[in-house]
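One chain is shown next in structure tokens, namely the form predicted alone.
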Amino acid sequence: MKILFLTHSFNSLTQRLLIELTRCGHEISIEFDINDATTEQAVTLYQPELMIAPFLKRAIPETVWRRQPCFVVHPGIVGDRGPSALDWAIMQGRAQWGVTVLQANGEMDAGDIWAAETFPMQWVKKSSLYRHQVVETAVRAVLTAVARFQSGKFKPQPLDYAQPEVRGRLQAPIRQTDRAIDWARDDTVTVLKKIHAADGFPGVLDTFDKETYYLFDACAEDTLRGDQPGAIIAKRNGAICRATLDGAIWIGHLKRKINGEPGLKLGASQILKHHLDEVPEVPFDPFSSDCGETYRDIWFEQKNDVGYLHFAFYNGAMDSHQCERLREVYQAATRRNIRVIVLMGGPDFWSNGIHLNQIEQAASPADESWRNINAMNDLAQAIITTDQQLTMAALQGNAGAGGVFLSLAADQVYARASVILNPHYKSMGNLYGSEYWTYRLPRRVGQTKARALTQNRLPIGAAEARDIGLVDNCFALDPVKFKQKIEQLAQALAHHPNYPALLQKKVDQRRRDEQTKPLAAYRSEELRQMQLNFYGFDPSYHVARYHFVHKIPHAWTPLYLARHRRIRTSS
């Protein structure tokens, strides 16, 4: 079928549905929800058989839904209505939640139901819940709804609150007053629940020293305690620890609200640096074997002859200092008595490359861009040149831009079956990219495919990445089962009867590659292009970065997504 997506942005769910429905043989085009006239024009140009709205912030115009079947993907159980579905589900402590696919009509989220699926809630941030449970559940529901629509035999069910199985209700938009933290009365679980329910967007509005901030990225603290609830009692690697009524929590990121407008989301201790002179830095040993619940962004686990290096950076962005710290821990890991190092990334993202927010706020964004990409390259080089261990990259979560190519520095690359990869930089103002991609990518997929991947600007699924050789294999939708499979593979590799020969083969290949063309040459060529991006006359990268970090609304849909507009342009 010809299916048109109408979406606020090309977010993780929209990308996943594009991959899944394309895999099923459907022809997909995408239109960003800019205004009614643009949407009407897209429908006229493409003449879709079905429209799907994976992620909208406003109603579909009546001129469209009356003319064309439109499926709305709502992140709530049957009967749930309103724009704050996940927020309320977390705040209310729901044990189970779901996704409903309904047909748009004149009443928001009240159309006939084509499919509905449920999932058990987990004690995680809203952003994480969305990327995992909601996306997986939505994929199942949408595939079911599309198959039912295509059959022509299914009759959707009207929403009927008289039915006992309809447990959802219309809920008002959640307000900051609903999220407000009372540090003198709220216990740790309540504080975490409020911040979790606002993670990603919009954050919880709070004050410190008469200044207003949005709070994000919270986790519990087992050991540290303070006398005054709300007081900042420690800092660590960008995060701050605040005392609660019965314990303490870490807050990783803040946005300062200036003149009524939020600023950039950055590390909490960075934003509050002028207030933290007396606050102690409490270090975390990444090689600690027993740390309980606490804030950590880099940590190492050793099981027999295998080391697992975790780096869970918020939203997958890696600033210069994080890259440097990760390289130091990695190099320390190579000196341990292990045979295999597994680069685990984080549960939500493996890596998305350089840290655009950090770059944007720097005194010289060009200089910070240069420092950041060189720190990424130093890390990639350390992995590529490892000669005492075999290495694996285990992608639990999505990866984009330089993060994809950083994973290729490892000897073997595995991905969870649901992972989405964006192996390109061009959407960020035609960035050329580095991380030795010109060395590692063609060796995996060939020059022709490498050129297509980096130029097309489109995401690919893990299965497609496996089929072209970008990753070695993919398996297991479930995160726990994925980790178990990775452990089996890593242990088998560490105890392979020909392990010494495998390691020597790797060392010999690296030596031959170095003789053919040194790593330094690849880096120099890539950075020459990056230097033009950062310091040249074309400001595209700086403009694109500004629009991205400040979330400037789209003025049009890029042609690489809007198939219907490419057809019109070419004709």
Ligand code: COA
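For every residue, the number given is its place in the sequence shown, counted from 1. Small disclaimer: the values here were computed from a predicted structure and weren't measured.
There is another form of the same protein, the form predicted together with coenzyme A; it is not shown, and what comes next is about it.
Classify Ser320 as contacting or not contacting coenzyme A in the predicted complex by the rule of any non-hydrogen atom within 4.5 angstroms, answering yes or no.
It does not: once coenzyme A is placed as it appears in the predicted complex, Ser320 has no heavy atom within 4.5 Å of it.
Even though coenzyme A is not shown here, does Ala401 get within 4.5 Å of it in the predicted complex, heavy atoms only?
So Ala401 counts as contacting coenzyme A.
Looking at the partner-bound form in the predicted complex, is Asn315 within 4.5 Å of coenzyme A by any heavy atom?
Because a heavy atom of Asn315 falls inside 4.5 Å of coenzyme A in the predicted complex, the answer is yes.
Taking the shortest heavy atom distance, is Gly353 within 4.5 Å of coenzyme A in the predicted complex?
Output for Gly353 is yes: heavy atoms within 4.5 Å of coenzyme A.
Within 4.5 Å of coenzyme A in the predicted complex, heavy atoms considered, which of Lys265, His132, His74, Arg242?
It is Lys265.
Answer with one of Thr294, Thr334, Gln381, Asn422: the residue that has a non-hydrogen atom within 4.5 Å of coenzyme A in the predicted complex.
Flagged contact: Asn422.
If contact means a heavy atom within 4.5 Å, which one of 461 to 469, 428 to 436, 150 to 158, 207 to 215 is the stretch that engages coenzyme A in the predicted complex?
So the stretch in question is 428 to 436.
With the partner left out here, which residues of 532 to 563 have a non-hydrogen atom within 4.5 Å of coenzyme A in the predicted complex?
Contacting residues: Phe548, Lys551.
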